[in-house]
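Just the one chain here, laid out as structure tokens, in the form predicted alone.
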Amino acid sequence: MSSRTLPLLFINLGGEMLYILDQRLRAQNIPADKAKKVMNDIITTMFNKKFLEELFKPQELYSKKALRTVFDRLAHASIMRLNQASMDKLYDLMTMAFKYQVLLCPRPKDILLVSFNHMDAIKDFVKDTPSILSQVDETYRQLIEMYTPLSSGEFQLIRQTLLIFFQDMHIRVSIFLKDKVQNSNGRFVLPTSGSVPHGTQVPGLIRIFSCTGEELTRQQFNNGGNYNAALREGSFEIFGDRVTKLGTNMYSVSRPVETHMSGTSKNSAQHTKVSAAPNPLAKEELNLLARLMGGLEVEKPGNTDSVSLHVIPDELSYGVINIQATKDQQANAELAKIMGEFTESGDQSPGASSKGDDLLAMMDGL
């Protein structure tokens, strides 16, 4: 198990959460100032300096329950409120998207490129807010400083740690099912086509050498797929072409779900920007989330600091539960209940529990 996995897990899951929330805020016609406040508040909390200092310390991954609670609190860091069903659906979409990206990375090191794709999108969300932008830039620096010197073996250990974390998660996602990259049992279908990892050759040739290094014979064989050589390596700098599309917004029209091991960008000069319009292939999944979330309504003047959710728990509901959520009271009560469950025997070690509590306590203070 790698002790350097937690920052990558948190940043990538956070990026996926922001993609979904941004799409829902647009789709439900939330006033621009309210939508911007929601996104800015969440990103500010996500990249808080003290929070990241704790996050970047070498440590084991938190338990699934503790990490879920961190994202519960992060999602409610602003005036937006989600009920339990909405949060469950949001977290499922986040985790399955990142699991798919980890599985499709051509090289373990490319997990860092996926992270940079998420960071690039987050940076674009706050491009007009210099104070938050500086927080994001500082996180870029920390990522580059911590991860670019690592060996391939260390990245392989990070990838293995992530896959162990995700191994029991098999939630079906309609955008993946429609693209036939996920089976009905929730397991992903790995492709037998696309670009091979950068620095490797397309399989299909066996060369035999003598003890002196002289090539003696060559033999061709059928590799069973349709592979091509990688044109170039993605950039591991703050600015640059990441090459792979893994980690970009799959809810936008111009960015279909990645079904190959690696993608190539037509523009080598800069990171390709994606459209904010919804991807038709993602419509069903987001419509379900919309039914769970209901319509976001801004309170009348006099209570301008909160947003209420009219939530329909599921498709079989005959009535509408009207939740008037103030900024902190209901969320704190719900989170206190979740925190109470941490005392039960679970899948976390005492050390992991203590570290998770420290991070959660830090989020309370933000």
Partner chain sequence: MYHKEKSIQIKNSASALYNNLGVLRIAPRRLTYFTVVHANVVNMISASWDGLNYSHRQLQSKEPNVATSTSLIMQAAFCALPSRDLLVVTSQKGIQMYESDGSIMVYWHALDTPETPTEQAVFARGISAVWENYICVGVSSGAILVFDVPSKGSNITLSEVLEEHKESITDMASECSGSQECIANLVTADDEGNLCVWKSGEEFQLLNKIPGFDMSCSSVKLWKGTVVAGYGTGQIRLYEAVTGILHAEVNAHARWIYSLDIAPFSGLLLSAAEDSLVRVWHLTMTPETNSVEVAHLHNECVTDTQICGAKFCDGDGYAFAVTGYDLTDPLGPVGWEMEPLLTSCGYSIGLGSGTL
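For clarity, every value in this text was computed on a predicted model and none was experimentally measured. Residue numbers count along the first chain shown, from 1.
Unshown form predicted in complex with the partner chain; subsequent notes refer to it.
Looking at 66-74, 51-59, 22-30, 35-43, the stretch with residues near the partner chain in the predicted bound form, meaning non-hydrogen atoms within 4.5 angstroms, turns out to be 51-59. The partner chain in the predicted bound form comes within 4.5 Å of a heavy atom belonging to Ile206. Remark: Arg232 does not count among the residues lining the partner chain in the predicted bound form, judged by a heavy atom distance of 4.5 Å or less.
By the criterion of a heavy atom within 4.5 Å, Ser195 is counted among the residues contacting the partner chain in the predicted bound form. Remark: Arg187 counts among the residues lining the partner chain in the predicted bound form, judged by a heavy atom distance of 4.5 Å or less.
Proximity to the partner chain in the predicted bound form, taken as a non-hydrogen atom within 4.5 angstroms, holds for one residue of Ile238, Val202, Leu133, Leu177, which is Val202. Of the candidates Tyr147, Tyr227, Phe125, Tyr91, Tyr227 is the one whose heavy atoms come within 4.5 Å of the partner chain in the predicted bound form; the others do not. Residues of 220-242 placing a heavy atom within 4.5 Å of the partner chain in the predicted bound form, in sequence order: Phe221, Asn222, Asn223, Gly224, Tyr227.
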